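A single chain comes next, written as structure tokens; it is the form predicted on its own.
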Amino acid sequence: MKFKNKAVFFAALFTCTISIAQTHKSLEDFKPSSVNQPGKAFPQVNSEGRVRASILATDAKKVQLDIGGVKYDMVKDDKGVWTGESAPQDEGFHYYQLNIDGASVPDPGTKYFYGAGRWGSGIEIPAVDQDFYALKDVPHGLVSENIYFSKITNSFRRCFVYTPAGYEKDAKTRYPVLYLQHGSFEDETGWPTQGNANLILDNLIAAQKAVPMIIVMDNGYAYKPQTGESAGRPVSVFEEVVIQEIIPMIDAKFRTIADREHRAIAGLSMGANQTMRIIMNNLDKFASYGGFSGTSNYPSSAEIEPITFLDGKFNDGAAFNKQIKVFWLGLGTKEPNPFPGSVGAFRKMLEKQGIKYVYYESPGTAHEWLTWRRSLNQYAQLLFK
């Protein structure tokens, strides 16, 4: 490369030096992510939580690593391999993608996860408390795929069902059930994959911290069939599907204790809103609720009026306390708006009404799966006792 004058040369040298200095700020202890495809060296994570990605794209003009809402430019070598890294990321699981000449694509080095409304890449930043959702040498339960036809939606649907270790061997024992829901733009694969729900319960049960239970993880997107004339914004019928189809199916197919005291429900974000409405409209079916990073939809700045909120279901605090065994709320300390405001307003309403509840904050996490893994870990320990 030739430079027309010394000023241009020294400017280029300075830029190069800055680039090298920035690269060497990262600790060179990168290791392959735990959710890489078998045998894939990239993406990698170092002890600072930085993510380093690499991809062969010989003819590409620009490649970026897109993670945490920020795009990081990657650099091409003489073999056509692009490599780049992010700033330190929070602990836990994160969705990400690569942007190649303006097209956002999954990284071929990782396993694929359904989130953000698509199948794409995910990465684990090791957490200080990852032991509670780690794969350990303990008795393990079974996660089964259950396909069923819904007359309400006129479509085939699917749920995943976790049964605890020992379920197949003992044909007499019956179990309580937790119905556990995902968030927006996710589906029924969220909790058994990104959420590690089965491993969390395996570890809790093995340590005798939680009662052995069945967990049902269904798809929160359920709509009425539409015809050409009635086509428009779809109407959600998830509550009807849960009450009229899923619960009867689970009680018929699995050895459940089929009463409200042994049936709990919980969800994250959108799922927290859905499950809040489901339990409050069906107190004859559920006795415990868990809201992870959410409760119900209302302006976060507004004071909640219990006489009108959810048709006055929270207006009588004494009656509420007699009906609900566990009422649990969880939130990450780094959650973005509107979640702290809306959950805070909801808590004020509960306290005003004298309603008993448990509140948990996940340290150092935002609206992400480590917040929800920790929430499930805490919530499950209180159920059915």
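For clarity, every value in this text was computed on a predicted model and none was experimentally measured. Quick note: we count residues from 1 along the sequence shown, nothing fancier.
We do not show the form predicted in complex with a further copy of the same chain, though everything after this point is about it.
Chemist: Report yes if any heavy atom of residue 55 sits within 4.5 Å of a heavy atom of a further copy of the same chain in the predicted bound form; otherwise report no.
Modeler: Contact with a further copy of the same chain, yes.
Chemist: With a 4.5 Å heavy atom cut-off, would you call residue 60 a contact of a further copy of the same chain in the predicted bound form?
Modeler: Output for residue 60 is yes: heavy atoms within 4.5 Å of a further copy of the same chain.
Chemist: Would you please decide whether residue 37 lies within 4.5 angstroms of a further copy of the same chain in the predicted bound form, comparing each non-hydrogen atom pair?
Modeler: Residue 37: contacts a further copy of the same chain in the predicted bound form.
Chemist: Would you check, heavy atoms only and a 4.5 Å threshold, whether residue 232 touches a further copy of the same chain in the predicted bound form?
Modeler: Although a further copy of the same chain is absent here, residue 232 would stay clear of it in the predicted bound form, with no heavy atoms inside 4.5 Å.
Chemist: Taking a further copy of the same chain in the predicted bound form as the reference, which of 285, 71, 277, 253 has a non-hydrogen atom within 4.5 Å?
Modeler: Looking at the other structure, the residue within range turns out to be 253.
Chemist: Which residue, 260, 209, 136, 224, has a heavy atom that falls within 4.5 Å of a further copy of the same chain in the predicted bound form?
Modeler: Looking at the other structure, the residue within range turns out to be 136.
Chemist: For the three residues 108, 118 and 142, which mark the spot I'm curious about, does each lie within 4.5 Å of a further copy of the same chain in the predicted bound form through at least one heavy atom?
Modeler: All three within 4.5 Å in the predicted bound form.
Chemist: Within 4.5 Å, heavy atoms only, one stretch in 261-269, 110-118, 286-294, 236-244 touches a further copy of the same chain in the predicted bound form. Which?
Modeler: The contacting stretch here is 110-118.
Chemist: Even though the chain is shown alone, can you say which residues of 166-181 have a heavy atom within 4.5 Å of a further copy of the same chain in the predicted bound form?
Modeler: Contacting residues: 168, 169, 171.
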